[in-house]
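Next up is one chain by itself, shown in structure tokens, the form predicted alone.
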């Protein structure tokens, strides 16, 4: 009954917040949901890696940056493909790249202390951004696509509609990964490895191969996200860093391995930032909202643990 009451309470709070935002500025709700879709799409692969492989990948945003650059050259310089088409070869190349990263680096740090793992992935992040800076300088690249400016009007309210693609992709990733983990043999093996690697090895599951496949899938998904990111955003070597931090914030809020929870937490973050952006003179403060949220999350969880 306590669970049901808390669920009803949270639903009531969310409903009240939505109504208030609609009465205040309807566009804030629209852009908050769209922003949440992008955050969730970026964060879900990190949640997958942390939940199964149990490593915090601080190069997560930089992998999205690498994928976006790759999609740019596939779409603009090499094959002339639309980014939505280019995401297929980009995802495959990124998945192979993820396998190489795992075998060359991640595999050797899994049994190391967590600080060593963080230093390793932070080093990878710096390496990727510096290589991109040497190869492409700090100049930003952006595609000119007519369909990203599509808009809709409801009553007196006009808003862009393209960013709802991020929402659709985030939901598809969450649902698809959940089905993969629950319905497929490989997914069930991954869940077993994530819960108890030693027990999984005893029953014949190749733990190392499973880790490598999951990490490759996550990096391949970043190929899809990076291609979509390119459609609307400018890319440059440092573009991925903030998304690493926000992804970590969302995964921490949702709980390790809670992929569906990332959707709800992304909605909270996206709406919070949109509300602050909607207040005249305070738009710059929206960039530190996720710091406040993660601090609040840590304090609440610490308080609950003390009460137990």
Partner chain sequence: MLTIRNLECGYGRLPVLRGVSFDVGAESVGLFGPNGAGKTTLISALLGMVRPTAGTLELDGQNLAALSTYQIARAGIALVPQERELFPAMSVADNLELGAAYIPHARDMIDERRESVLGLFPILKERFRQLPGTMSGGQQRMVAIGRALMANPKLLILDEPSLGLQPSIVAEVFEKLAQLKTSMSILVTEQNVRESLKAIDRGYVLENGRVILEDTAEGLLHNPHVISSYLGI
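Numbering follows the first chain given and starts at 1. All values derive from a computational prediction rather than experimental measurement.
From this point on, the text means the form predicted in complex with its partner chain, which you will not see here.
A.B. asks: Out of 182-190, 97-105, 228-236, 124-132, where are the residues with a heavy atom within 4.5 Å of its partner chain in the model of the complex?
C.D. replies: Stretch 182-190 is the one.
A.B. asks: Would residue 200 count as a contact of its partner chain in the model of the complex, using a 4.5 angstroms cut-off between non-hydrogen atoms?
C.D. replies: Residue-level check for residue 200: yes, a contact with its partner chain.
A.B. asks: Under a 4.5 Å heavy atom criterion, is residue 118 part of the interface with its partner chain in the model of the complex?
C.D. replies: Answer no; every heavy atom of residue 118 is more than 4.5 Å from its partner chain in the model of the complex.
A.B. asks: Taking any heavy atom pair closer than or equal to 4.5 Å as contact, tell me whether residue 206 reaches its partner chain in the model of the complex.
C.D. replies: Residue-level check for residue 206: yes, a contact with its partner chain.
A.B. asks: Might residue 137 be said to contact its partner chain in the model of the complex, defining contact as any heavy atom within 4.5 Å?
C.D. replies: Close contact is absent here: in the model of the complex, residue 137 is far from its partner chain, nothing within 4.5 Å, heavy atoms only.
A.B. asks: Which listed residue (158, 149, 144, 195) meets the criterion of a heavy atom within 4.5 Å of its partner chain in the model of the complex?
C.D. replies: Looking at the other structure, the residue within range turns out to be 195.
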